[in-house]
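This document starts with one chain, in the form predicted alone, laid out as structure tokens.
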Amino acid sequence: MPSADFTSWTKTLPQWHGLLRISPERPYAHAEDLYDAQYGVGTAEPEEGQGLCILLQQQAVDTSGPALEIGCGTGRLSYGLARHYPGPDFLVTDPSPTFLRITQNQFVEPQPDATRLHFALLNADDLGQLPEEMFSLIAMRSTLHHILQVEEFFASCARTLRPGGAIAMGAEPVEAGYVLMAAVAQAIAPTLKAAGVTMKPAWQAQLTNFTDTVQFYCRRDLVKVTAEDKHLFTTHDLSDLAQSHGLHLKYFPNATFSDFAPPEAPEFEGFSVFFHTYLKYCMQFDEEFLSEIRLHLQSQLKFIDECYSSHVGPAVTGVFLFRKPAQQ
């Protein structure tokens, strides 16, 4: 089906409580309405979507066709992308109807191009149901590591992507950086003990949960069907995988989409800041425990920061842009 038939295709999709339905609904593993509060974020701002659109322009990506967002969550990317994407339509998807409603509610004010915005239930594993060469942009923020069948997912993305278009992924965990965080965490208990600080049982439980989680993400010999977060990736894994499907990767280490928006000030403040932020918001370490870690692991974290005082690193996250060559 040619990309010009996007509107015709959406009219063939069934409706479910006002949403388009490509996949059955599936709730997130945790409370969707508490997601932003856990990660310490407030109202969505447009910089994420604006920055992505500037990046697409800088990289000469063809944005003349519709855009697809996979796994919108609470709309951190959707909000700005809907306002800055130059293409004709924007399909916002997630398997969770609650996440879709949360994102929809960010657009309560009348929009001049309201007909461009569409919302659909879609599980990434069902991407093969989308029409061939339909979208100029497939956008994701902190999504790929939730997908079980990554190889099949890339094949489906390449199939539904228009020539000259791109897949853009932000806030994806990078294997080496996360393993480094877990390795540093292995030093927390003995370092505190040497300083005369007693490890509380709750602290040990938080620490064990963190290191076990990273090891689970990293292992590739485990069954991960029921896990919400599943994978860690290396950049060369993703480059090789993309290349096998005719896509070319450009990686921006430790960048976020918003880094490309004015005033283009990078948000990444170094490994130690990322490490503490991750323990606080993602792993729910309590503040007293974090204070002890900041005090007693200063030398280890300072060493890593100083190793990268002249260049970006170590890579713990970043923006991945996969280009599909234009037709010759």
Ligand SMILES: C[S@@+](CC[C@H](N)C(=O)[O-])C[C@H]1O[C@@H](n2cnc3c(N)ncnc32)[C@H](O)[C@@H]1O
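The first residue of the sequence shown is number 1, and the count goes up from there. Owing to the predicted nature of the structure, the values given are computational and were not obtained by experimental measurement.
There is also a form predicted together with the named molecule; it is not shown, and the following applies to it.
Visitor: Which of Thr191, Thr143, Thr160, Asn254 has a heavy atom within 4.5 Å of the named molecule in the model of the complex?
Guide: Result of the distance check: Thr143.
Visitor: Could you tell me which one of Pro95, Gly80, Pro173, Gly87 places a heavy atom within 4.5 Å of the named molecule in the model of the complex?
Guide: Contact residue from the list: Pro95.
Visitor: With a 4.5 Å heavy atom cut-off, would you call Phe274 a contact of the named molecule in the model of the complex?
Guide: So Phe274 does not count as contacting the named molecule.
Visitor: Is the gap between Leu122 and the named molecule in the model of the complex 4.5 Å or less for some heavy atom pair?
Guide: Within the cut-off, so yes.
Visitor: Does the named molecule get within 4.5 angstroms of any non-hydrogen atom of Phe99 in the model of the complex?
Guide: Judged by the heavy-atom cut-off of 4.5 Å, Phe99 is in contact with the named molecule in the model of the complex.
Visitor: Is Lys280 one of the residues lying within 4.5 Å of the named molecule in the model of the complex, judged by heavy atom distances?
Guide: Contact check for Lys280: no, nothing within 4.5 Å of the named molecule in the model of the complex.
Visitor: Which of these stretches, 180-188, 87-95, 234-242, 205-213, has heavy atoms within 4.5 Å of the named molecule in the model of the complex?
Guide: Among the listed stretches, the partner-contacting one is 87-95.
Visitor: What I'd like checked is whether Tyr28, Tyr35 and Gly71 together line the named molecule in the model of the complex, meaning each has a non-hydrogen atom within 4.5 Å of it.
Guide: Answer is yes for this spot.
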